[in-house]
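Here's a solo chain for you in structure tokens, the form predicted alone.
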């Protein structure tokens, strides 16, 4: 198997080995404490925040590049992943942002450095189990950390728009995506499932109506109750018939 090239901007000022002017960005959704969260990178010595992303090697499939990048950031390879949009507006081009990131990492780029050019980015979103993730920053970043959607820091370029588009895409055909994704553990309560829906939709749902809908869809298997010391309040556990 051919060894993968590891991106080192300091020695690859011409971008040799990578597709020019094309990148990917990933909106990685997780669910914890009743909130929908996403993973963000903070670039070293800049105070700049961005979505996890990367570049594609000339001999590499786009989807495989994204999967590899997600595995490096999360430690997971069994991920619900969908490509949903390509962002290529001219207004997203701002060489000063990338120049600041490179300078903060001890790299003084020439004006024609490949990372200072205009990029079209292909966007993906992923649904993963928050508890299974071991976030790891890339070579240009200090941290890779979960942030609540309601408390996001200021993001570079058009990354806020990329997040908003991902959320709107996730809301479409939500039932299929929640079942196919990994936002919940293998077994969960009806209340936990409702909280996932509410956090994605951004609104509260009537408990009885939601439960009736989910049971009527025939996608859940009911298990034993989850006892916590108060038997009369113990909720049933459920799992999806298909994930």
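Superpose the two forms; the largest set of C-alphas matching within 1.5 Å is the rigid core. Residue numbers count along the first chain shown, from 1. The structure displayed is predicted, hence computed values, not measured ones.
Keep in mind that the form predicted in complex with another copy of the chain is missing from the display, and what follows is about it.
Using a 4.5 angstroms limit between non-hydrogen atoms, residue 61 touches another copy of the chain in the predicted complex. Another copy of the chain in the predicted complex comes within 4.5 Å of a heavy atom belonging to residue 172. The closest heavy atom approach of residue 122 to another copy of the chain in the predicted complex falls within 4.5 Å. Another copy of the chain in the predicted complex is approached by residue 88, whose closest heavy atom lies within 4.5 angstroms of it. A heavy atom within 4.5 Å of another copy of the chain in the predicted complex is found for exactly one of 57, 211, 189, 35: 57. Contact annotation: another copy of the chain lies within 4.5 Å of heavy atoms from the stretch 79-87 in the predicted complex, the single such stretch among 135-143, 79-87, 108-116, 94-102. With the core held fixed between this form and the one not shown, residue 37 has its Cα displaced by under 2 Å. In a rigid-core overlay of the protein, residue 177 has its C-alpha displaced by at least 2 Å between this form and the one not shown.
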